[in-house]
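Next up: a single chain in structure tokens, the form predicted alone.
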Amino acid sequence: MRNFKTTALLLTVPASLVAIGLYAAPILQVLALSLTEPKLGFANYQSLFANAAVGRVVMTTLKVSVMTTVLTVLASYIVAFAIIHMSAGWRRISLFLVLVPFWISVLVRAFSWITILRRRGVLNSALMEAGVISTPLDLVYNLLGVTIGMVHYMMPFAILLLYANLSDIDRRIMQAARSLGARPATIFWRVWLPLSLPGIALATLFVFVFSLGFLVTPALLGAGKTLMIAEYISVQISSTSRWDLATSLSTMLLLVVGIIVFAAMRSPALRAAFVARPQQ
């Protein structure tokens, strides 16, 4: 058994070296540039806190990320809860539909939302023809459009995470609650929801961290008017060649994400999501 474990560990060495070369080395290079460009020191990090533009970008990123996380987890929980209670046939069809977006490019999805939400798009045209509105609504190239696009992108991930957690809940607990006279609403709030907290915590962490560094969807649906950190970093590198600002902001983003993940992993609810439950 010990020889098997040693062999298995050795087999991971090539993959580990590739991961270090393709992931860790560039991160270390970014860190080095943030400390040496244009001169050695921590001046780049000090300037971040005095830069008003960076402050606005950070606040926009936090606002969009929080809104995206709340809406995504809420909508995904409803969908996952519904899938759990479907028959086997409908459950397979529903899970297939959840997986379909993974086969569609993020660019295609973003441009699809532009087609739907723009001032002369599908939604505005339908509302105007129905007499609901008289002038087109501004649904894209703003905070609303970015949030809609990001929620749509994140939902399949959150649904699968929540579905995996909800599938592990022992239904006999619900039956016991019913036999004791609990009403459906009481069973949900007092039994089902607490048992699903690990899945909610995991989905929340995943969506929030992912949202902090999202680039493509905010860039297309925001059109530069809703500027988030990832797009701001991209502009500093590709347009203004501000490597000092871009690398220091990238390093700070990585540090903040690391702290969030470390703090979240200390949560009992999140740790419970990684604990294997006994088979029913």
Partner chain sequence: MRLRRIIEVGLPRFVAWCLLGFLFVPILVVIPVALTDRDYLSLPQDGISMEHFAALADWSKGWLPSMLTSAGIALACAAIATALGVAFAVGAWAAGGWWPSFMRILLLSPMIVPPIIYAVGMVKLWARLSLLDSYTGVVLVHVVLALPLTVLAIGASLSNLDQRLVQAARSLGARPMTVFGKVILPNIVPGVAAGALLAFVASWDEITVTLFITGRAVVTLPRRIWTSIQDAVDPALAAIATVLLVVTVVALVARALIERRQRQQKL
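Quantities reported herein were computed from a predicted structural model and do not represent experimental measurements. Positions refer to the first chain, counted from 1.
Not on display, but discussed next: the form predicted in complex with its partner chain.
Residue heavy atoms within 4.5 Å of its partner chain in the model of the complex occur in exactly one stretch of 161 to 169, 130 to 138, 193 to 201, 94 to 102, and that stretch is 94 to 102. With the partner removed from view, the residue among A43, V70, I237, A32 that has a non-hydrogen atom within 4.5 Å of its partner chain in the model of the complex turns out to be I237. Remark: R178 does not count among the residues lining its partner chain in the model of the complex, judged by a heavy atom distance of 4.5 Å or less. Among heavy atoms of P26, some come within 4.5 Å of its partner chain in the model of the complex. Proximity of I173 to its partner chain in the model of the complex falls outside the 4.5 Å heavy atom cutoff. Its partner chain is not drawn, but in the model of the complex it has no heavy atom within 4.5 Å of V58. For the partner-free chain shown, K5, T7, A8, L9, L11, T12, P14, A15, S16, V18, A19, I20, G21, L22, Y23, A24 of 5 to 25 come within 4.5 angstroms of its partner chain in the model of the complex, judged by any non-hydrogen atom.
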